[in-house]
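In structure tokens, the next block holds one chain alone, the form predicted alone.
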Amino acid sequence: MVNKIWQNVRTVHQKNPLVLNITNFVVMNTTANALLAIGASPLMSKAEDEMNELALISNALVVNMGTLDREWIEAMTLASSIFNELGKPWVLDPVGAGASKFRTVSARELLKNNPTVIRGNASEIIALAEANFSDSYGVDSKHQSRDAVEAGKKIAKQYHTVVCITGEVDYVISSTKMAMIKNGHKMMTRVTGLGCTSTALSGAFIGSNSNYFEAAVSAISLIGVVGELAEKQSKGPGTLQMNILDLLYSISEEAFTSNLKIDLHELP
């Protein structure tokens, strides 16, 4: 599996997938640069007037609910429905689901357009599964990632999707398999947008590999290993963010494969 994951990293470089992002104002620059660093091409737009045309030329869509209002929701709904109709993959990041009824209901409505991958923290995934409107701390998680595993399994089976729960341990769950990835560093929680970066990278990987479970595992593994290695040469969150970007661009096969800590399980 480790060698397959590294090959997926190389495939993104080779295929240069175009990833359409409807994402929040806080992370647009961060996620665009991360996509460029791994060899993908970012496209940022929420203009409904051009959505059909952009969907035709894009390899994947990323929907990130960070800075949300009615206009954003309309664009996200339109784009995800178009990608669904075209049979193209898309990722949902239900940022802040559980923090308000508006966010939770909006996220659950977007589920109807069959996201290929869902990436969120534990509280967000639990909120999606249970329609709970008051169990997160803003956009941060009140739960450990392991607390959301059963919710992730439920969503994966119900919506035939791949669920990524990121935290101290990352879980990637399909209806038949689960990967546990034990990389990263707690300093990563002090840099805004690294969860959103995981989501954007997932878009690039599913835009390059039709084995969506394997693609999602590869994306989450890459940011985890890169974050862990970047912390070792960083003085704080500022240099961590810079070093993560540099390592997304330059990490070697040896550094990646020798540091990846992953367990794969078959699910009943």
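This structure is a prediction, so every number in the text was calculated from the model and none was measured. Just count from 1 along the sequence shown to find any residue number.
There is also a form predicted in complex with another copy of the chain; it is not shown, and the following applies to it.
Looking at 98-106, 118-126, 175-183, 155-163, the stretch with residues near another copy of the chain in the predicted bound form, meaning non-hydrogen atoms within 4.5 angstroms, turns out to be 98-106.
The three residues K46, G236 and D246 all sit with a heavy atom within 4.5 Å of another copy of the chain in the predicted bound form. In the predicted bound form, another copy of the chain lies within 4.5 Å of some heavy atom of T192. Another copy of the chain is not drawn, but in the predicted bound form it has no heavy atom within 4.5 Å of N259. Proximity of N209 to another copy of the chain in the predicted bound form: non-hydrogen atoms within 4.5 Å are absent; the residue sits far from the partner. Interface membership of S252, defined by any non-hydrogen atom within 4.5 Å of another copy of the chain in the predicted bound form, is ruled out. Contact residues in stretch 66-92 (any heavy atom within 4.5 Å of another copy of the chain, taken in the predicted bound form) are G66, T67, L68, D69, R70, E71, W72.
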